[in-house]
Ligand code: GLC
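The chain below stands alone, shown as structure tokens; this is the form predicted alone.
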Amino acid sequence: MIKRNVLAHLILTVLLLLFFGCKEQQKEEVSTSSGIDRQWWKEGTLYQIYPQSFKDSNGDGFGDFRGIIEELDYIESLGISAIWMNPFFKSPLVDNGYDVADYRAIHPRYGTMEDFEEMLKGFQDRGIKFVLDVVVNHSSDEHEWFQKAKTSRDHKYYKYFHWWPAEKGDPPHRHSLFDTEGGWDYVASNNSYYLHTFAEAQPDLNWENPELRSEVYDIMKFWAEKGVNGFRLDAFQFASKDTTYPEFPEGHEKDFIKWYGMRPELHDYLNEMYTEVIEPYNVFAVAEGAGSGFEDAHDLVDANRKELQVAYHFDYVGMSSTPERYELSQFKEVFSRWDKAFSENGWLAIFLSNHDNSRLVNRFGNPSPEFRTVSTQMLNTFLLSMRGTPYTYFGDELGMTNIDMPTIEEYVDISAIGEYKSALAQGKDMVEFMERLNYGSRENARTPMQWNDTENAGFTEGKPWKRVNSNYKQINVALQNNDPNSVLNHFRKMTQLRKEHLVLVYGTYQLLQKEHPEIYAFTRMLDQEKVLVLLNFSSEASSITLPEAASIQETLINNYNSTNVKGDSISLLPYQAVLFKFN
């Protein structure tokens, strides 16, 4: 009996210690994150996979779900929290899947629905969320809705699209981003013109029709019930249209978003989507684009609006879309301005590359063999130390670079081909045009993932759908995996650091010495934790004088082996990136 009482006492003591220990830990967590609305989509790092370029499992030259399943452990090793995957629905692939013929069916080249479900479970088992790319500003012209809409104006699907009856004469001009002939195309079978903001094969859906909206919400529910955690709404700022189709002034397309985007009715539809899908299924949503400025962006994502959760703006894109070197002062200004505008309400996505832009290191860093590693590490450090949800694009964790494609014959992207035809028609200098296209084309981001130094970089045993970059023997996963100083392992350290330090997620941001021509310096502060971020955007050594330097306590991460700190002066080597804790 005595032994049993002693044992019971010991168990009770341990339980009490655990209870009060947990209470103390809980109290500490609350004090560390007081007043913060903690959400996984704020704290996580999103990793974007372009599925046809990631990994091919069956030798047909196209990436597929089973290829991704083979690399689930690699994806988990990156420390990312969520996957955003480009469309894999049934499609004629005029625009690489952004022309959807069936929103509930998988394109056979990616696999089956069972393959998708196995892949999704693989992510879920590893604690990784899944964000679906939903293309509902437009569909494919091969979608059943459009095929039946063409048969008769009396068919219910006719009202799922935007039409101009031919007996009214020529429709008012609308600009098309992918079609030099404009945004209307004629269908003889119903004697009407249909509207398309993008390619001729991508008719715009009529969001002003409540039946269409209900169909879209049902599609989103279908995927949410399969376990999808969020939605990225492609080109959604253009979804609402004025169905009186007024005349627009000549040259209006130079301010495209003003004339084609962010109509007031769009907010009603997003609020309806929130009520129908986002809130009941506890998912999050982000739209491609955030309108013309801060007011538009806040109207989309402020919590009281009950619409979207994350603003995804493009203000930085233009500064790096041509071979001319951007100014660091401009880079600082854009990111600082947006951070200030969202310091109290709303939430931002932070990104430097995706499937629609050329590679991160070519645009913002230095792709030369001497500086490619350190400059990519520096850019990834920036991305993962800013306030907002980081969106990183596959291959940027390795420092993959642009591919050289100097002639138009190698391009398959409908956007690049459309731009080429337009430049030719306008009599532009085509040598200069091709130089710019070679640098800025989104085809640069779509080359196959570089896994190892075997044929086709280990991406496929067949002929790859797009040529593998010739530098794959110098840049690949196998080479970097066990190198502690590689781009890959630096990326892993940064994602882990972001998880361990909430200051890098929620902390206030303050720009330091905004006029410094080479160094981007800023602080992040949350409660008692303070971090100093120093990034040298130059191929030359540079130094900065800061009062904060005297209070440095600890180096959190450094892409070089040392840092030169003397008093209040800090010297940085080319493309050096350092995070310090300070008092």
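In case it trips you up, residue 1 is the first one in the sequence shown, and so on. On a predicted model such as this, the values are computed, not experimentally measured, just so you know.
Not pictured, yet referred to below: the form predicted together with the named molecule.
Review point. Would A290 count as a contact of the named molecule in the model of the complex, using a 4.5 angstroms cut-off between non-hydrogen atoms?
Key: Although the named molecule is absent here, A290 would stay clear of it in the model of the complex, with no heavy atoms inside 4.5 Å.
Review point. Should Q450 be counted as a contact of the named molecule in the model of the complex, where contact means heavy atoms within 4.5 Å?
Key: No, no contact at 4.5 Å.
Practice item. Would you check, heavy atoms only and a 4.5 Å threshold, whether F198 touches the named molecule in the model of the complex? Key: Contact check for F198: yes, within 4.5 Å of the named molecule in the model of the complex.
Practice item. Give a yes or no for H162: in the model of the complex, does one of its heavy atoms lie within 4.5 Å of a heavy atom belonging to the named molecule? Key: Heavy-atom contact with the named molecule at 4.5 Å: absent for H162.
Check your understanding: Looking in the model of the complex, is the named molecule within 4.5 Å of a heavy atom from each of F178, R232 and D356?
Key -> Result yes, every residue of the spot touches the named molecule.
**Study point:** Proximity to the named molecule in the model of the complex, single hit among H298, K421, K221, R442 (heavy atom within 4.5 Å)
**Key:** Selected option: R442.
Point to revise | Partner-contacting position among R387, R372, R446, R498 - heavy atom within 4.5 Å of the named molecule in the model of the complex | key: Checking each option against the named molecule in the model of the complex, the one that comes within 4.5 Å is R446.
**Study point:** Per-stretch contact check against the named molecule in the model of the complex, the hit in 130-138, 266-274, 163-171, 488-496 (non-hydrogen atom, 4.5 angstroms)
**Key:** That would be 130-138.
Check your understanding: Does anything in 84-107 come within 4.5 Å of the named molecule in the model of the complex by heavy atoms, and if so which residues, in order?
Key -> Contacting residues: D95, Y98.
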